[in-house]
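Below you'll find only one chain, the form predicted alone, shown as structure tokens.
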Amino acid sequence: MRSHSEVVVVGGGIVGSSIAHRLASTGVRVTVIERDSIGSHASGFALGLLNPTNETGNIEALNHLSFNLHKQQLDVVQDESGVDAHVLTMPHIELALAESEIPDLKVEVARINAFSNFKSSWLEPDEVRKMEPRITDNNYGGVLVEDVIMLDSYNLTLATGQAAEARGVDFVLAEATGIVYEKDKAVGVAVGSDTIACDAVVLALGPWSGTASLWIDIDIPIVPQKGEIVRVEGFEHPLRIHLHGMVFGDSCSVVEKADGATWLAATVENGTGFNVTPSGKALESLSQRGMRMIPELESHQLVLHTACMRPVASDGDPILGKVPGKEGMFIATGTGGKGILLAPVIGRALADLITTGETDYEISEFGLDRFS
């Protein structure tokens, strides 16, 4: 373990690894402290969907910027690491499963077509079935989006981390226990009885970000949100589409990924603490949602059932940027279920702030100071 780095990143998930990779790309000496193995939490269990068109509001522009950065970076981190992220490009259908959904979904077509890198159209029910005959005939049409990206989130996290290592980043498997200050300037990170001296610290602790509140004397309003995903057997003839819809009041994705399994994703459950035990209730719910969209799934056997914790801020938006009142302290958390999508733009924005004090990426509204 190095005794000194220019920057110490606490947390080695996709966000922390992306920040480290970007900093190292600019010649900065970086250490990442990760308590567990890389990709062992939400970054490794996420669906791996890159679709910036499915969310509006404050984060919409950042989602699209990050999607474009993914397209620039995916080959880079795979080549540098030698890890295949199993990247697939495929169409997406937002399926209408109730007649009442039609007006709102048709409005989405114009919104999505306003983005130059996406093409969208409305499909009538018979056109949906023509595109994929296994979709239920009890549908009311859907929004087609060409094209979204599906990848393996664990492999992408591993690729990003190993690409960062190839650029000189030191990964330390240990638990950070505090920040060392001189007055209000961060000058080191405590790791057990040792200290790594540094010029700047980035907190990228995901759902555990709240524990760092004591380190910075500011409340970090992050709570863990449980999400579960079920994988079942793939189809005899591959499903070459990402299908999403609202079923029984809950959203569901059905997609066959490069691992050959069909993924049913994902549940959203608050107030469970850090319980990552997969539940029978989630298995039943996801199975029912999937079968509502593709009835044939009823005969598909379970392959794997996973659960993880996502970091969610009290207002639902990420927390990005400088820590108020603490020189050399930065934070990147609260990405919820968008950590994989947002990682490249967060990596660039935080690296800019650390090295130059400013960034052209519009993240000011996501600062920790908005909760003051």
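All residue numbers refer to positions in the sequence shown, first residue = 1. Nothing here was measured: the structure is a model prediction, and the numbers come from that model.
The following text describes the form predicted in complex with a small molecule, which does not appear among the structures shown.
In the predicted bound form, the small molecule sits within 4.5 Å of a heavy atom of residue 175. The small molecule in the predicted bound form comes within 4.5 Å of no heavy atom belonging to residue 171. Contact annotation for residue 349: none of its heavy atoms lies within 4.5 Å of the small molecule in the predicted bound form. Mapping the unseen interface onto this chain, residue 354 falls outside it, with no heavy atom inside 4.5 Å of the small molecule in the predicted bound form. Within 4.5 Å of the small molecule in the predicted bound form, a heavy atom is found for none of 26, 31 and 331.
Of the listed positions (315, 36, 55, 327), a single one reaches within 4.5 angstroms of the small molecule by any non-hydrogen atom in the predicted bound form, namely 36. Note on contacts: among 207, 142, 290, 245, the single residue with a heavy atom within 4.5 Å of the small molecule in the predicted bound form is 207. Figure note: of the listed segments 127-135, 226-234, 96-104, 74-82, the one touching the small molecule in the predicted bound form, with heavy atoms no more than 4.5 Å away, is 226-234.
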